Ligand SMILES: C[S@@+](CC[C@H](N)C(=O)[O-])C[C@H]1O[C@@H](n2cnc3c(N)ncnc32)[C@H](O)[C@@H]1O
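Form predicted alone, single chain, as structure tokens, below.
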Amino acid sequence: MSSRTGNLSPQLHAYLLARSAPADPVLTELADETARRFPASAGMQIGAEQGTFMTLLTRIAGASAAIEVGTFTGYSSICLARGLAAGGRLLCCDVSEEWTSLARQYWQKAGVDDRIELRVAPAIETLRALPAGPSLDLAFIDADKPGYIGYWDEIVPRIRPGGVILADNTLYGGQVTDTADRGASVQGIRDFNDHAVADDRVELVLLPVGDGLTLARKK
């Protein structure tokens, strides 16, 4: 999957990036190293415009307590951590020591390692171990697609009223509207999209940012 937004031409995408926040050298270096070291998985990384949007949204939300489900090599976590309010903390959940070892290096390079905690374990277990009450300001879901509904159902009760939930890949390369059987990941996203939009605890919009980004606000 491409991390670039929608079906923009390369020229229009370059124009979009040039008229957004300036390119960040640490994130650019991380994207390049991820592509070199993990070429088969590099498409899992979010794009530059989505990262900038997430940093701004985190700041707008005034988030102090955030969680990320699915960290990969750390691009999105840097974007979230940079947007946190003073003294804010980001809890990152992933199952790969290999991917997150690169993330740790770049958290340090980006100067955000002091506000990130990493738990290498199945995310559903980490979520269930959190306090049951609404203690989170923001959550980002970007892990295994069949697991999205489970993550959502654990996260929503733990988000404060007015807090924000983001879910990535919710257009899944346009395959969500294809009636053919596209496998467990596509079906997981289809099921999640139906589940989330029917949840009356939130109001949400599915944005054509990156590979589809669902933005929800807890009522």
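In this text, all values refer to a predicted model and were calculated from it rather than measured experimentally. Residue numbers run from 1 along the displayed sequence.
Only in words, not in the display: the form predicted in complex with this ligand, which the text now covers.
- With the partner left out here, this ligand still marks one of 43-51, 153-161, 190-198, 175-183 in the predicted bound form; by a 4.5 Å heavy atom cut-off that stretch is 43-51.
- Though this ligand is absent from this view, in the predicted bound form it lies within 4.5 Å of a heavy atom of just one residue from Ile116, Leu136, Cys93, Leu84, which is Cys93.
- Heavy atoms of Gly111 never reach within 4.5 Å of this ligand in the predicted bound form, leaving it off the interface.
- Taking the partner from elsewhere, Phe72 is found to have a heavy atom lying within 4.5 Å of this ligand in the predicted bound form.
- This ligand in the predicted bound form is not approached by Ile149, whose heavy atoms all lie more than 4.5 angstroms from it.
- Though the partner is left out of this view, Phe140 does reach within 4.5 Å of this ligand in the predicted bound form, counting heavy atoms only.
- Contacts with this ligand in the predicted bound form, taken as any heavy atom within 4.5 Å, map within 95-129 to Val95, Ser96, Trp99, Ala121, Pro122, Ala123.
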